[in-house]
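What follows is a pair of forms of the same protein chain, given separately as structure tokens and numbered structure 1 and structure 2.
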Structure 1
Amino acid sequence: MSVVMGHYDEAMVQGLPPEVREGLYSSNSYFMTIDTNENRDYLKRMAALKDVDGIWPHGNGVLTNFGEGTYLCVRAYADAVNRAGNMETTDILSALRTISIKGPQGSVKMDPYTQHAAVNGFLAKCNADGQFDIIKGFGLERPIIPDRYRQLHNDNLTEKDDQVIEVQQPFDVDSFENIVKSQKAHDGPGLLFSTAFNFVDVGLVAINAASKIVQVNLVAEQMFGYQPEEILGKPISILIPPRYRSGHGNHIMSFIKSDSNHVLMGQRGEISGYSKDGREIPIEASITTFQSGGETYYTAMLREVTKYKRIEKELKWQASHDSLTGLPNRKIFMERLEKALERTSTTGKDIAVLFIDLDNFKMVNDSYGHVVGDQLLVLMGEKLLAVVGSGNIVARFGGDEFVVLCEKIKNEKTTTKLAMSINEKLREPIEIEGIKMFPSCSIGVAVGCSGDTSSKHLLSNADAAMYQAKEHGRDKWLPFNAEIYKRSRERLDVANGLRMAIEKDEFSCVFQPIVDTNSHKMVGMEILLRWTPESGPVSPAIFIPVAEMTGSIYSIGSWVFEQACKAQVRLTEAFGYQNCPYVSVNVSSRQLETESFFKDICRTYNDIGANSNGIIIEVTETALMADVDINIRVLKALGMAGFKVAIDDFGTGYSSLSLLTKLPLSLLKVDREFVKNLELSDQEKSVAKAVIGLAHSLGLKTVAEGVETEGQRAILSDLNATYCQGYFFSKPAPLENIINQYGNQTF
């Protein structure tokens, strides 16, 4: 016997030769060309269509139910999802059991056993002429048979015929209830399951109305570790952990007494089984009733979920922990912080959050690679755990940020002591892969209780205090206080203000000449951004770091670069192509990191018609070292496009000399720190001399920044500083002022 699964109907068999289609059995939930008003109407309309010469089998017009089936399935599924309210498989399946869809053949219900539409299922056999004989009808609704079939099978299946069609569920591997139900138990309980049931991968345990085990299959034997003779006749509770016995026992009894014939055990069908050696086994269980030899039996279907449970546990852990250090992540930390805050309302005691950020971690990563960086983070996590002790929570928020929650605060000194010992512990020199390191961290501490703060505030306060600790020189801790609050509020105001600053036309640019140390002739100028919101001017030293932090720097940086290009065009006009001073523009590391940076600036200078040779990109030494690989790539590309590159604030960062030789650099701008005290001592002079000498040995010209006096200029001249920039020559001013001031210079 060949059974055709899937869609197989009159239309399809037309394409098969008679000898092939004859004898094929087809199992359909629906039958095509069902005789309903809708279908009749549709057939009538189809017969009237052009090129349709009649309705099959007397013509080429064919009506199938394929679309209808699809419609019903999709609708049923969508309704089930709505009813379940979530996407959990078990919940959707439960909901499906209660779904009823209105289709052309009437209301269609879902069969709880097969989870298929329970309407007009047929088993039909194809004849050589391409017509089908209906062998059997099954399903919950009596089938409505098309006329031509009614005539053929009038004896068995007529519309008025009330004879009970033998209910036989289609085989479905997931519906074990079905398997059991469809078995005929001829010889009493001993043969309830056929040997085939020893090959299914689900445990089957049959019990009688007295809850005594009457049969088990092989899987169930192995699952629980019993030989059949050890459990046959025993109460089913033997397979349930002692502490759940009364609960499950009641559940089974209420099922036995009820009218229902199938039920899931436990929440979502999950319960604990109990093996012979006392192990608890998580299992999915459902119980089904069936009749055999005039007796009612109940079959528990059991599927081990150990593997799934383990995976579920693993996934849960991954979602709540940092995989590198194994510490709780932000999500779980916030949950615990929330709970700890709640507890303070009953204990009346404050809790503390310590925000910890490693100092110069990026440098470790960049200099020694991520493997070493990762090891450092793991080690720091371990040290933190050791120093905070049990009862406190240490979490990693990502990057080099760790957070500690301390609930055991006796008095003010507790947090002071804790913060100090963390600073101390993390300051211990360490060695990773033979590299000696001297790490340190900055810590912000915030304390509070449920009435006066929230988890979010506590965390952001600790973060703000940590930020301040960094600003105050790192390797220290600071408690959150009113001053820090003020500063963080200001930062927030700045961040909000910057968002609309371009649209509100609040930015402007000033230019500061860069001159030859000896001749005082202007060789270039630096474009410096100014922000003047309604509340008054804000220094770039304040707003640039905030813009970098919030990402506003991308749009701001593009705007400044555009102004630089326009200035370059204007300078060419004023000084001529040959003598045109260059425009030096500051670029932040956040800008360099963006994929589109290079493309964007090339487009801008092309659009404006500026000369890339007349533009110098200034990158601070610290920014340069932030992500060496990316920066080298971008700076090289800039060099190829004709731009020159200068290192700004040189001497304040930690450049590697070998790196400097690899970059297409033109200028080193010696930080103001080295210029400021030049006149005060010989020692200062020798430091400046070393920095300038270093630049020359790399073949680079130097710009000394912040030159304020003739004395400084004279010393810088002795030290061979190529160029100077500072108030001594000119303060930053609008472009036209500078052009007027230097317009007559000759080169």
Structure 2
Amino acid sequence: MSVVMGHYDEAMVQGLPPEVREGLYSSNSYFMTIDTNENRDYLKRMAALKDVDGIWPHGNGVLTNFGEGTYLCVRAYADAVNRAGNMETTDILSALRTISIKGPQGSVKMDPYTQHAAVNGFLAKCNADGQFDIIKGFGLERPIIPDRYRQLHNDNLTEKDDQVIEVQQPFDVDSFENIVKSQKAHDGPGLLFSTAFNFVDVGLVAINAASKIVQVNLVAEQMFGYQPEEILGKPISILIPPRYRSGHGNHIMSFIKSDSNHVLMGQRGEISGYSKDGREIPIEASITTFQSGGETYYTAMLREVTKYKRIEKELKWQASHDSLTGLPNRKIFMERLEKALERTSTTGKDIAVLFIDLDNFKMVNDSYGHVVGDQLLVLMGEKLLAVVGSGNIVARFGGDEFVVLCEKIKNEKTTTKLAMSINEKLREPIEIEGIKMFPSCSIGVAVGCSGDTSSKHLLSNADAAMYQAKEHGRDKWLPFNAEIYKRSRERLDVANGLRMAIEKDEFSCVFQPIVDTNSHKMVGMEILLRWTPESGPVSPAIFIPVAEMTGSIYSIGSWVFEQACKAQVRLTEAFGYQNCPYVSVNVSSRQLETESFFKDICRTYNDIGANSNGIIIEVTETALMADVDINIRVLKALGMAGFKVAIDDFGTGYSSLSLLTKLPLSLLKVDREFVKNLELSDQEKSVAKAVIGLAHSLGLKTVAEGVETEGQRAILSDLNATYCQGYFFSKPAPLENIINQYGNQTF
């Protein structure tokens, strides 16, 4: 008895005992014993791989038929991409037609007619030790396409071969008339279509001049649920819902009597079909006329659109709803807000917008991950729906922002009660994945009606009121009022002014010395930004938060860092390389979070010629915790590039000691809050002592900020503060003033 198997190779015989595998034949495209230069080289490289201790049957290295096929496919695709010169599908497909590569078993060549690979075939016999003897090689074998895939329309074939038939391109319903005319004449109406039409992805139904069905394809049979014998010879109206049949019959007769030869899909719009089980099917249809055997026939091409309608519905839902919470998104909310405002002109009652922002949500994401953060957002959305009730709209604008629209507001008590209820509901403790949380939210409320506001202004007012609620301590609500409007306008004016401040040359920098606590010698200086528009100076306490909120901080921060690099170069000229004081520059959390931050500052100091060792990057403790993972990664990269890092305002945030040990820190800056009352409070002195002691235990130097008196300096000296900074030594001043003030110091 002989057994012949395909794809039976060395990998498969490993699990068989010698007496079973011996004598079994396999017809295949690859065996490890094929003697070609390519195969010998392939097996040699495989034997050299890690964890491979030899080639089968004397080791564990085995190449399967499928592994060899994958190897060839990847090489062929890469070759086609190189030939095409791009990644466009059509260009790659065209290039694949001409691919010919050498594989382990010999040359492999694409057959241009079938667009399949012609590969080498072999017949081999397996021995007891698991090796194969090659009995016969068949050379490069052309692919054979089964009859059911052949395309009988041969107009585009360049080679007429019983076994090599080019695969037809995707069916184009708009060219159906030309395809039908190209068919050979058939003897009977039952053979109007070639068998190839059973494989197009639209239903085809042919009728004669009497509107009787003479042929259907497989798709049409499946669409309507009929077998051919149940439908052939029946009037086409059997496929139309009963209530439409008389009208449809008139349409058919009108088309038959008209001079038109076809009506394409899309020109008639959607119509209804009628299945055998009584279901109505939404379909698109086109109809064309053709001649066969001296008779006139009419063919309807039918495409069921149920799936497309479902997809369209899903896409519309996705476009108007938040994918996480299922709530309406900004787009649909604004549309409904517009309509609600219009209705106020007839109802005479106000509407209210409540802008809701979760407090400290970023901390949840950073501490517990985005999965927990997402679950929190879903729960908050559900709580809002429960509080707000039916008739009002709850939407999610993205991030941790939710918005509520209430119509027919009777009086101020209505919004007050609702806002208080939301605050109360959202501050209820919750538990997610074993983590107990105590969330809260800040709410801004704006009320208006048609004629005195617009939808954008109403939303903007609610947002401004929410912003003020944040500034007033969070976990509360505030109504929009004149004072909030004034502050909102001021922020807007500041934001608009900042956009052009660099171009208008309105920024300048001053420097404040950082000195040795005991010797008073300057060791460094902090660069401080000043903004003086035409209207007058604006405090950094006002414009820096606005710059961070609007994103202007990116360009402003880059400009400040450039000035710091220039200052460092100037200090090197004035004091020399060895004795040069460092320049300390503040960086915001938003700058750290940008992907290009590290590359940008490295490029800047290289272009200017500054020394990275002479620049210290200051990050506030609060900013450091904004996105811990990203910040640690960026600060470590800065340390490797030669920059030193300082934590500013230390003691006011919530960083952990373990985090401090992971960073390339040089300095801890003790916040001025712990310095200003040193002479008055033993408690403040104890806190300052603890912070300074902590820094020294970590091997860090300290800078005490806000030193204004000799008494404060003396106490800080007793507490071993390394450096000091404050008005007692110098107010912030232009760089040249500082150089002149400390230029004669000796080191």
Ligand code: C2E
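So that the term is clear: the rigid core is the largest set of C-alpha atoms that superpose within 1.5 Å between two forms. Small disclaimer: the values here were computed from a predicted structure and weren't measured. Residue numbering: sequential along structure 1, first residue numbered 1.
Note that the form predicted together with the ligand is the one shown as structure 1, not structure 2. With a cut-off of 2 Å and the rigid core superposed, Tyr467 has a Cα displacement that falls short of the cut-off between structure 1 and structure 2.
In the core-superposed comparison between structure 1 and structure 2, Ser237 has its Cα shifted by at least 2 Å. Asp400 shows a C-alpha shift below 2 Å between structure 1 and structure 2 [criterion: core-superposed Cα displacement of 2 Å]. Summarising the core-aligned comparison between structure 1 and structure 2, the C-alpha atom of Leu698 is found to shift 3.6 Å. Relative to the superposed rigid core, Tyr77 shifts its CA by 33.9 Å between structure 1 and structure 2.
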